[in-house]
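Here we start with a single chain on its own, the form predicted on its own, put down as structure tokens.
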Amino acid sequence: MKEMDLLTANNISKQYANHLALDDVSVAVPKQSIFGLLGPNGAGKTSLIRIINMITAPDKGNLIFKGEKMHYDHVKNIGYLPEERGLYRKMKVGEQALYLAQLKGLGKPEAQKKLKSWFEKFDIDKWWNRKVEELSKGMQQKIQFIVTVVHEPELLIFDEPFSGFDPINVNLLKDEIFRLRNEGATILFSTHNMASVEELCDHIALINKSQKILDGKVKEIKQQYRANIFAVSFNGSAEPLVGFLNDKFSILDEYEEEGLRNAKIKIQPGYDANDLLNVMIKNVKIHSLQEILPTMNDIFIDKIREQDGHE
């Protein structure tokens, strides 16, 4: 465990009857980061999250939290928003929120003050004395988010936190997640939404069929899987690109848009963007040239297919 890691899971294995849920999985979650735990359904993500929350225990391996072997006292430093959520439908909203906040260690006056502030921020304060069953699914999820974070834990675990939210409320939650991170929280974020990963996560780990198959910083992973493909916009010659580009370059796509010609070009190994520019500026006027990096969705699919193909 590096000094900057809040949590590490070392060589975690977990077996349920005839199903191996986790097979020697290790992850390190840096302090004050947003860490994406990715993988298809049934990959083992939820099993790992349940072990981190000490809901279940690993068969092998161990957890280190803040430099110590993890124990039950550490759980009070965790806020967990599971994918399968539930509130007591017949209870009043404020009464239930207060009850849950006090379970997390807050005194009633402090809990009431913090909850009122959060309810106002999320524009649901007028629902304090209404029953949960009167709320929409989105408003119920706002309450569950609030009671997850209200005690200001050091580690927040969100399992598909945007499920069921409209775009406005998704942005509201994203803003709060960034703010919580900036104020010192560490966030473990499990999702299938690769666009959210690109936008939110500093680091990721990809689990498939109980094994970790990729991890690291998002920016470094995207660079690692770059394919040397560039988008070029230009004009000045009616000659097809194939007429003056040589075998150092492959034209993947070519089209016209708003008076400009555009192309997607793959540069062969051993050559770079300067070589492409040197060839093109002799024949056309370049308007823009930009490298196309793979998306996390592209990388996710390629790594899953690669593992499946090897098997």
Partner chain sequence: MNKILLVIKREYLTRVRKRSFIIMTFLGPLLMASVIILPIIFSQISDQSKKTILVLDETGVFYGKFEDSDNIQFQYITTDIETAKNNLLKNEDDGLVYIPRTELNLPSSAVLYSKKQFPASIRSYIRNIMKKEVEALKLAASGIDQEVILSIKAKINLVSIKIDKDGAEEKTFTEVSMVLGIFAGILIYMFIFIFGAQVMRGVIEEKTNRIVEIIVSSVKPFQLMMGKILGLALVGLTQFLLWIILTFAIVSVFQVAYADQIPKESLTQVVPGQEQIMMQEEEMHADTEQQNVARAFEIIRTIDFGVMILGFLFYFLFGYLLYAALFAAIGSASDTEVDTQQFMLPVSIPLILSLVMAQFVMRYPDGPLAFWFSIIPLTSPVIMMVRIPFGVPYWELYLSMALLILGFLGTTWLAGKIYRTGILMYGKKINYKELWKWLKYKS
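Quick caveat: nothing in here was measured; it's all calculated off a predicted structure. Positions refer to the first chain, counted from 1.
FYI, the form predicted in complex with the partner chain isn't displayed, but the following is about it.
- Under a 4.5 angstroms non-hydrogen atom cutoff, the partner chain in the predicted bound form lacks residue 138 among its neighbouring residues.
- Contact check for residue 266: no non-hydrogen atom falls within 4.5 Å of the partner chain in the predicted bound form.
- Taking the partner from elsewhere, residue 50 is found to have a heavy atom lying within 4.5 Å of the partner chain in the predicted bound form.
- Residue 56 belongs to the set of residues with a heavy atom inside 4.5 Å of the partner chain in the predicted bound form.
- Here the chain stands by itself, but in the predicted bound form one stretch of 87 to 95, 176 to 184, 113 to 121, 198 to 206, 87 to 95, has heavy atoms within 4.5 Å of the partner chain.
- Among the residues 193, 163, 233, 102, the one placing a heavy atom within 4.5 Å of the partner chain in the predicted bound form is 102.
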